[in-house]
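Shown below, as structure tokens, is a lone chain in the form predicted alone; questions about how it binds or moves come after it.
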């Protein structure tokens, strides 16, 4: 009688015929030579040591990754027929896959539009934006020129509908009225003493630049290819930097605190899956070394990568744990009554939009990183008069930006503020007005009305 135990070394797990002769058990070999999902195709072997290596065939693997993307898009109503979507493209694997998947959604929408009789559902528009960082990294000017040419070729090679390409220098965030925006950017970055702070400031400027491109060209969605791996690293870096209050705002599928809402359709895909898909589909990528190798961000990324090697589910665990934080009111696509938006989409918005706790509302945002703050933390803005802009800037910023980006002495801080984009300076003034309104609301019971007299 066979025990059917694969751990038994006696060989009794081999099945026996009725006459007592043994049949060599090859079920294990057969199981490993077919896809675990479709049970018919040969699985793909990437040789990268991943936990899912050799389990899925090429078609099932691709459908699995695309299914995560599509579920995120439909569940959170990221893209609707009336939208005009801008894809933030860096040339890396995540942004390349995001562009490819958005392109495939657009092709499917076009086919449905052409096949329908009434043609009631329009086809959403797609644009691509690339931020040229040559001004911040002059040593990479040659690589940047080659990357831009490759990006132009990649976008133009995509099948119709045509997609607009916007290649914008990062110094354009200062506006056209600035005398020498490139020199202003260099002086701004040089005034930041911390390497991590300089890297974070450059990232905030890139986001402002993308927002500027999107708003000026009529886009109402900004697709960013942040994946699970990148978000897991951000969770740890934000914790280390003391940005726990604003952490939940950065890791949701939707971030509508900006003028053009940001969506993360690849939030549930890990970097290894995305890299495999690029290899499988022959999607070429380009990586530019525009990142400091000595800051907190790189250190945490290396640490998370090491954890992922030891436990392939570590990145997902970090993101799932952080996702238990209460989201803010702006972590959802705003509901709309626009007649151009189908009723099914409007119902999906009401069904899947996150329910937020009233305590997670905020009217105060850091003027540099745009991170939400407790408005009581910026109430000291009321004590600064005209001519104290540098002190007001310090009071308006979050603790992380105060420590890593802002210079500590007053004269250097004043010079730093003169180099900032006008958008950040105007946000300080706007926050001061909100702070005064908040203070008045807190003490309104102690104030006398105009027609009242002191007793």
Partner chain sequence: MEAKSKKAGATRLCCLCNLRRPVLKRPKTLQQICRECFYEVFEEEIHQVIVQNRLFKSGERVAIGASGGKDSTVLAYVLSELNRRHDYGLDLFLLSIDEGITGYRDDSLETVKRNEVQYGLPLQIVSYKDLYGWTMDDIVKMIGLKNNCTFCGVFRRQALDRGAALLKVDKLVTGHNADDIAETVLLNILRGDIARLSRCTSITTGEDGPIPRCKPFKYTYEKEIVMYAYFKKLDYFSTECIYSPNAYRGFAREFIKDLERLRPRAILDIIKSGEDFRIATTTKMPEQGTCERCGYISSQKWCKACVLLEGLNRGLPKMGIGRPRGVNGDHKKDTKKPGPAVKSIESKQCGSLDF
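Residue numbers count along the first chain shown, from 1. As the structure is a computational prediction, the values presented were derived from the model and not from experiment.
Keep in mind that the form predicted together with its partner chain is not shown, yet the notes after this line are about it.
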Using a 4.5 Å heavy atom cut-off, are 295, 317 and 324 all in contact with its partner chain in the predicted bound form?
yes
Among 98 to 106, 144 to 152, 301 to 309, 211 to 219, which stretch has residues whose heavy atoms lie within 4.5 Å of its partner chain in the predicted bound form?
301 to 309
Distance check, residue 241 to its partner chain in the predicted bound form, heavy atom within 4.5 Å:
yes
So, in the predicted bound form, is residue 64 in contact with its partner chain at a 4.5 angstroms heavy atom limit?
no
Does its partner chain come within 4.5 Å of any heavy atom of residue 328 in the predicted bound form?
yes
With the partner left out here, check for me: in the predicted bound form, does some heavy atom of residue 157 sit within 4.5 Å of its partner chain?
no
Of the options 170, 235, 188, 364, which one has a non-hydrogen atom that comes within 4.5 Å of its partner chain in the predicted bound form?
235
With the partner omitted here, the residue among 248, 134, 80, 272 that in the predicted bound form has a heavy atom within 4.5 Å of its partner chain is 248
